[in-house]
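Here you get one chain, nothing else, as structure tokens; it is the form predicted alone.
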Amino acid sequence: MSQTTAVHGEKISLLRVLGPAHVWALGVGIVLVGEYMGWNFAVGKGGMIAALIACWVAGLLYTCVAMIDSEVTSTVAAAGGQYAQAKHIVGPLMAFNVGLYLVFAYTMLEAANAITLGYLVQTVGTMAGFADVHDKPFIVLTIMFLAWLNYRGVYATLTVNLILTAIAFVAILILFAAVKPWSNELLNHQAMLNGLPYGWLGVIASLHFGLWYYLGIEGTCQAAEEVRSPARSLPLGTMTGIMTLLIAATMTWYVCSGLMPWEYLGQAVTPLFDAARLTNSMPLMVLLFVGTVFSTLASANGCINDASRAWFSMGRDRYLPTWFGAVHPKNRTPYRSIVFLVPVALVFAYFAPLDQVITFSILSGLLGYTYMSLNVILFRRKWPLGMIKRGYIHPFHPLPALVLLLLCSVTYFAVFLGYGTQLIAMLIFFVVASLWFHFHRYQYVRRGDQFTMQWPRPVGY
């Protein structure tokens, strides 16, 4: 692999060193932890069947997200992903908000991963007879180590993610085969399934945590400025990523729902590890412990990568202080943005409950998906097919965008059913942030410097 260095006086930029496998590792690596923890809270809100319906409905939502992202990002190949798209297609205020959605979605997911890892180490330590093991030091060490890895360089970061994610995914496949789904020797779905204890309202409520199966696959867009061939690598990595997650999510539900009663599963912190414990197989327990640890590390690692790219892009465009828009002269990473977001993740990981941290991440992502459904419609309207070259064209337009908008609307109601106060508080926060940007920060923005894509004038302008 050859890496170019910046000549004196030349603007230092991010390195283009990534391929499709790294894009897959970034997307799936962030999300696969959703199979290891968090998704099962949907069981507590609606029951086993509701959680399965939520899994597939959320899968449809994220398939739409993946298709839309693959088209727009293969065309707008810039760091910041959806933020860069909003900047070019909608306008500054929308771009500022989308940038915040991305940063909070990934930073909160990073915090949730650190909480899970700390809990898992504490649980295993207690099982091994070490009663004095505490989770807080492991939370801090996890975030600090991964921030250092991201600081050092993107190629090493995502190569590590590729290895961790592959092992964590193989662990799910091995557990699925080990419980012998073709027999009733270990699985007992008839006894465990409980119908719909809260009716169809429970199905809607379970959509809240159904998103956790896939939340973060859109993070592949953040690598747009660092892949060698955006038109090929981004669609290929993103679409294979969502296929991987759909398979893993269905397998996870099938195994856990056949081994644990819904009352327990609905509040478990590490459901796949608990499933392995119920098989009474020490090799499986060790494997799923390793898989859970690796999935949390891969997810937190990818989250630091994505959140820092969004924050860096906003600083580079003067939406935030330009201090954040610096690139490390040797490592070629947005090092100031990486370091700045570390204490934010630590505060939430240290003091906030897991379900609230997950909800914060889900709501931030949901706001971003709502924007995406409108963004692709505007993109097609302003630059119709044939007007500019696209690396991928998503089919059935505008149906995916309309389906995505409908599913997002239903999911807002699902979140409101259990976390209405948090939903309202977050919306107020984003309104206040928008007012700050409009009346204070916007005066520093140089509109002409933002538009880096060599596109023709849009239709109607």
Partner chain sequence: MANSHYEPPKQSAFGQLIDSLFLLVLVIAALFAPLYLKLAGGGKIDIAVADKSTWAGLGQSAVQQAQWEKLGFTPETAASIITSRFDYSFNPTEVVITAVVIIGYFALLFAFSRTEYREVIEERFGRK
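Residue numbers count along the first chain shown, from 1. No experiment lies behind these values; they were computed from the predicted model shown.
One more form of this protein, predicted in complex with the partner chain, exists but is not displayed; see below.
Undergrad: Using a 4.5 Å heavy atom cut-off, state whether residue 44 contacts the partner chain in the model of the complex.
TA: Flag for residue 44 set to yes.
Undergrad: Since only the chain is shown here, I'm wondering whether residue 347 would be in contact with the partner chain in the model of the complex (any heavy atom pair within 4.5 Å).
TA: Close contact exists here: in the model of the complex, residue 347 approaches the partner chain to within 4.5 Å, heavy atoms only.
Undergrad: Would you check, heavy atoms only and a 4.5 Å threshold, whether residue 322 touches the partner chain in the model of the complex?
TA: Yes - in the model of the complex, heavy atoms of residue 322 and the partner chain come within 4.5 Å of each other.
Undergrad: Mark residue 400 yes when one of its heavy atoms lies within 4.5 Å of a heavy atom of the partner chain in the model of the complex, and no otherwise.
TA: No, residue 400 stays farther than 4.5 Å from the partner chain in the model of the complex.
Undergrad: Looking at 374, 286, 243, 170 here, can you tell me which has any non-hydrogen atom within 4.5 angstroms of the partner chain in the model of the complex?
TA: Of 374, 286, 243, 170, the residue with a heavy atom within 4.5 Å of the partner chain in the model of the complex is 374.
Undergrad: Can you pick the stretch from 211 to 219, 293 to 301, 363 to 371, 171 to 179 whose heavy atoms fall within 4.5 Å of the partner chain in the model of the complex?
TA: Stretch 363 to 371 is the one.
Undergrad: Heavy atom within 4.5 Å of the partner chain in the model of the complex: which residues of 335 to 356 meet that condition, in order?
TA: Read in sequence order, the residues that approach the partner chain (within 4.5 Å, in the model of the complex) are 340, 344, 347, 348, 351, 352, 353, 356.
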